[in-house]
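Next up: a single chain in structure tokens, the form predicted alone.
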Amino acid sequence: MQRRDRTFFALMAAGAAALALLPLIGVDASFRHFLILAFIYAIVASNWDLTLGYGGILNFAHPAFFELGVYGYAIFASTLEVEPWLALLLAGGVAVIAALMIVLPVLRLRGIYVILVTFAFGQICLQIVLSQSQITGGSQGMVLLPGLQLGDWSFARDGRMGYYYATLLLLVLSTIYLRMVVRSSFGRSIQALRDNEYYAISRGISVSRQRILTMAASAVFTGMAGGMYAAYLRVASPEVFGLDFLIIVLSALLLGGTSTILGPVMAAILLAILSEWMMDLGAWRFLILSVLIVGVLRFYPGGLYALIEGLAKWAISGRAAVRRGARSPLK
């Protein structure tokens, strides 16, 4: 295992362990609620990084994969009465199908045209949801959806502790999955296409095939995150198609740093914690968070992950210098 891989998994293990212990040290239910939503946003943002950061695809249809996962879970679990755990997996399948539907029309497009078409895809999905009210509930949405449980134990019990650990586990699995993807030969090929498309094509890499697979791969856990969101709140509402969700996830992606995986995860959790701490500030908290995001992007374009990585390298190099000085003979 290479040094970067060891650093990545060490950071992930330390973060997951700390988050797993948080509910055991007296974190209240409202703060736990913010963290559950942050885990879901982190899954969506880090998987978006696979197409936007690693693949270089200007894909703004990604939030729609989450939103279709929400409604996919609602229809399967409530309308079709599929077992909720299976409905959660099928929500991921719905998102993958949606990714395949949108990637085919944009294969020959470039730049701003990709952004326009993929963004329009989300709006088309919203109109379909609103128009098919007999299935989706229209503007009223779908309520009282079946929740998750193990045997007779509902995840909603004990302050929804079950949802906290289930969502954290889904985030850990998603992060490991993304790391395996980007470190594979497939991951290296999509990064080659991003960095120098013509050279990658000359080496035998298929643009169409790799972009189709990239979009599909990014949709799997995104759709499942949508299913978890619907199971947790027990609601599927057209509000998930709003700009608020897009801004939150995109902020986490940019603040954390693209092409990092862990960056968007850390940023999503940090934004949730800061938002909770500054709740009493009212509208001022949005201004403060905006200044924070702009400041990080101005001085550390690589995002929070690059900042933390730089500090870690500085600490290691400083410690090494101290050791070299301690071993040097006295003059």
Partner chain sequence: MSQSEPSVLRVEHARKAFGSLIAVNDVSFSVEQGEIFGIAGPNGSGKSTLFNIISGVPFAADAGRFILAGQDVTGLRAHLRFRRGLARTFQTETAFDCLSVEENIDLARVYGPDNPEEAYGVAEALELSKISRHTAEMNAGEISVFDKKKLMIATAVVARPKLLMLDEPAAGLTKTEIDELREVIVELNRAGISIVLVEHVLPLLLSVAQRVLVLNQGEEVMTGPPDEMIKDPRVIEAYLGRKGHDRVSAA
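Quick caveat, the model's predicted, so the values are computed rather than measured. Residue numbers count along the first chain shown, from 1.
Not pictured, yet referred to below: the form predicted in complex with its partner chain.
Considering its partner chain in the predicted complex, which of A156, L116, A192, L169 comes within 4.5 Å of it through any heavy atom?
-> None of the others qualify; the residue that does is A192.
Quick one: from I102, L250, A200, I75, grab the residue that has a heavy atom within 4.5 Å of its partner chain in the predicted complex.
-> Flagged contact: A200.
Would F245 count as touching its partner chain in the predicted complex under a 4.5 Å heavy atom rule?
-> Result no; F245 lies far from its partner chain in the predicted complex.
Although its partner chain is absent from this view, report whether Q123 comes within 4.5 Å of it in the predicted complex, heavy atoms only.
-> Close contact is absent here: in the predicted complex, Q123 is far from its partner chain, nothing within 4.5 Å, heavy atoms only.
Report whether the minimum heavy atom distance between Y177 and its partner chain in the predicted complex is within 4.5 Å.
-> Looking in the predicted complex, residue contacts with its partner chain do not include Y177, since no heavy atom lies within 4.5 Å.
Though only this chain appears here, would N196 touch its partner chain in the predicted complex if you measure heavy atom gaps against 4.5 Å?
-> Within the cut-off, so yes.
Using a 4.5 Å heavy atom cut-off, which stretch among 205-213, 67-75, 142-150, 85-93 contacts its partner chain in the predicted complex?
-> Flagged stretch: 205-213.
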